[in-house]
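Just one chain follows, in the form predicted alone, and it is written as structure tokens.
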């Protein structure tokens, strides 16, 4: 039996049902590829399971998944992951392969960046359009297509949830200064007036943790020294009165 166990966002988000799974499983592994698992959260997993926990890198989570499923065919195996398990495409692929091999599986859900970010933004969830990601640039890879998603949302009076590329080696999402630079470059490319100094953006840092911090600021006045492990951006469209009042609680002048 294979279990995908969501650890949520905060260090204490793991459910009692998930704890029971970790206690009974013969093998416990940790997904270190799709998202960062804090040291404190790993200590909790170790304490609950009373077993050694193998950290899985990209190779193990993709090319090496056959070995994991071989173990799950004859014993109970748990893979713990930050957030909610089925947010990551990699985890869906694992379950598809498990189903093909007729290996039983169960998903232990928890909080995710999507539910918490939208909730904490103070904006109505049904007014959000498609989600996009600002990917880290390299010498030969400089994508700006996220701009099109945000622009389309804005034109339809929909809010935008914008993820920042996650670095599995550094265990952190893209620094805010880097993200702002890419946003500016995208504006230079499209020239649609989406990214201006007066464009209000929400920055939601380390949601669900003790370090949680939320700021709404005009693009030209964003705090470029924000220190965080994980961050998400919100591009509000025209807010309702209640949304506007909520945003004011977190506005940075």
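Numbering follows the first chain given and starts at 1. Just so you know, these numbers come straight off a predicted model, no measurement behind them.
The same protein has a further form, the form predicted together with another copy of the chain, not shown here; the description that follows concerns it.
- Although the partner is absent here, residue 89 is a contact residue: one of its heavy atoms lies within 4.5 angstroms of another copy of the chain in the predicted complex.
- In the predicted complex, residue 171 stays away from another copy of the chain, with no heavy atom inside 4.5 Å.
- With a 4.5 Å cutoff on heavy atoms, residue 147 does not count as touching another copy of the chain in the predicted complex; it lies far away.
- The shortest heavy atom separation between residue 52 and another copy of the chain in the predicted complex exceeds 4.5 Å.
- Picking from 175-183, 73-81, 135-143, 155-163 the stretch near another copy of the chain in the predicted complex, with a 4.5 Å limit on heavy atoms, gives 155-163.
- Taken together, the three residues 16, 116 and 245 all come within 4.5 Å of another copy of the chain in the predicted complex, as judged by their closest heavy atom.
- Looking at 78-106, the residues that come within 4.5 Å of another copy of the chain in the predicted complex, counting any heavy atom, are 84, 85, 86, 87, 89, 92, 93, 95, 96, 99, 105, 106.
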